[in-house]
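Just the one chain here, the form predicted on its own, laid out as structure tokens.
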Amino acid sequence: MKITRRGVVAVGIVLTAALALAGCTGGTSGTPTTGTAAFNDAVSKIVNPSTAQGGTVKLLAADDCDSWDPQRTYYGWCWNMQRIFTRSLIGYETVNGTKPVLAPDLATDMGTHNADFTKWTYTLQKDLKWSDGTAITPMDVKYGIERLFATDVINGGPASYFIATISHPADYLGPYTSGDLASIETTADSITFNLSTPYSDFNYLMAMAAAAPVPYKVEGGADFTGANYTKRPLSSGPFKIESYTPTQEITFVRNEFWKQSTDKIRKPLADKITLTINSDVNDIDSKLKAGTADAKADNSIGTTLQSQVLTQPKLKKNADNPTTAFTRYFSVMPSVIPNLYCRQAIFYATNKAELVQAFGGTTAGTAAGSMTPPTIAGYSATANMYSTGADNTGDLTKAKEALKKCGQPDGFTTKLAYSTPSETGPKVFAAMQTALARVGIKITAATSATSSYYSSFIGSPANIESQGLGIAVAAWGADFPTGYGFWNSIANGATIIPAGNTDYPSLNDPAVNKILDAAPAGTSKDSDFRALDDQVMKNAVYLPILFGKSLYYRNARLTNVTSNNALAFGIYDFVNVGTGGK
């Protein structure tokens, strides 16, 4: 999943998850609660448990979501926001700690499957309704997933999982062009998926925002179908969208047709949740410190507030710095830098120590030697194919040797892309510019707004080549907590698409594809993903920078606060947060 962090990176992160707050304490089953907040408490606890209803949760973000359409969004923080107003067949009852736990959501149970995991059937709960009062039906679930096949209209999201898994004719192009998909069968209360390949972890797909229902053929109304559904998506969750002005604000109020009796995952308390878009990161931090805003919805706090939080106990007790399953990296593009040794020179010359500081220091993470993050199958603490020295400042001797092999002993020129607005983007660029200049590689900046950076700037192979984007800042978190959930969307050649592409360097390595294509059957071992990581690194297209952490700040007035760090996006669980009724 794409995870935006200070407007610089995106991870592909995470799932449409939700937290089950149990009983009157407001805590997850088996999750400790605490009434006296302390630093990092929300990582594994429910902070300030309460049952008080009412009030408005006030959130800020530096930019708008990539999309509010559940099938199109891929930013991790936007998957978190989707939990506020959308539901799917399966969700998560535990999102903090170290292990997320799946649970039924719209479905009555975890589904049934045949012996080889090629057929999955789910029964919908009774009395489920949209925010306009109409019934949510199996056809709505089917239609939402069919939309993922219309990649010319519904692009940018994690469609590749569904297209690679659900049986369909080669010429099926989604409901707008090809109508209904016969391999997804429905009755009055059930839905059955016939798969083209065994998939033992299919429930992980059903827990994604992309698996959320969409009103069959009606969508959001006559002017809000297809690509325009993002402007007025209907709600199946406890909140609905009251108003939305793109790039400015979105307001959620309670959905009067949602029933607590049908939702064992969410226990909402607030009457309203507002999200204000504010590109001034210093102003955001000022509002958070003053208590006029409750939290950032999209990423970690700014560097000025970070230093204050870490040195002032009164602020630090309301902050959290979880490690989550995502990796910050540079994508190095073969279409622009085709010579392997030229790409390797970039790897060796990179100063990861300076880049860690540019991203915020140790609160942002630790230098990474390979792509697979901790907690994901295939991770190795010692893997480091392109060592940048004991101090992580770069190996200039090896960089110069690689430049000679690529026929550019004096270096070459390329562009480095990052998204705006961004506090860290210019710092990352400056650090990389200085590091590469030591061996004669000159870079210039190429920027794009965060809202389009991943969909049409570096998410378009054609644009990468035409703009000459040799290096791009990015990050990726596991779409779900498996090796396949981390790697498939960024490394399987079958996922490459013209727009909204997440395999940014268009990697299409048969050895990598073979491992990923075999993974859904459930027979892959950790060693297979360790071999996959090594094979990807041999291609020198993904340059790992650090394994990610983020520093979050929560207003002391918030109740029932926990972090989603068991999943890749790690932000607070806003659907269940309260304000003490104020």
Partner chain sequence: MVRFITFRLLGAIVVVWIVSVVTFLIFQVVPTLTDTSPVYYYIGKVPFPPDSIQFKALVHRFGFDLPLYAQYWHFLSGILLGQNITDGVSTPIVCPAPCFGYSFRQNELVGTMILNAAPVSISLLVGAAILWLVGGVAVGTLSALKPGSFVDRVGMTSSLAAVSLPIFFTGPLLLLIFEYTLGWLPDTSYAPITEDPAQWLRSMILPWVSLAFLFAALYARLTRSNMIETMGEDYIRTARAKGLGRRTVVVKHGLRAALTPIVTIFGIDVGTLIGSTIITETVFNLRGIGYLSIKSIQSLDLPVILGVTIIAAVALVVANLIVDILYAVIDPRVTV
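Positions refer to the first chain, counted from 1. Since the model is a prediction, treat every value here as computed from it, not as a measurement.
There is also a form predicted in complex with the partner chain; it is not shown, and the following applies to it.
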remark   = TL;DR on 340-348, 274-282, 184-192, 95-103: the one with heavy atoms within 4.5 Å of the partner chain in the model of the complex is 274-282
query = Are any of the heavy atoms in residue 372 no more than 4.5 Å from a heavy atom of the partner chain in the model of the complex?
reply = no
ask   = According to a 4.5 angstroms non-hydrogen atom cut-off, is residue 130 in contact with the partner chain in the model of the complex?
value = no
message = When the contact criterion is heavy atoms within 4.5 Å, does residue 247 count as touching the partner chain in the model of the complex?
response = yes
query = Wondering, does residue 452 line up within 4.5 Å of the partner chain in the model of the complex on heavy atoms?
reply = yes
ask   = Of the options 225, 123, 366, 384, which one has a non-hydrogen atom that comes within 4.5 Å of the partner chain in the model of the complex?
value = 225
ask   = Between the options 502, 236, 324, 300, which residue brings a heavy atom to within 4.5 Å of the partner chain in the model of the complex?
value = 502
note = In sequence order, the residues of 157-172 that place a heavy atom within 4.5 Å of the partner chain in the model of the complex are 159, 160, 163, 170, 171, 172
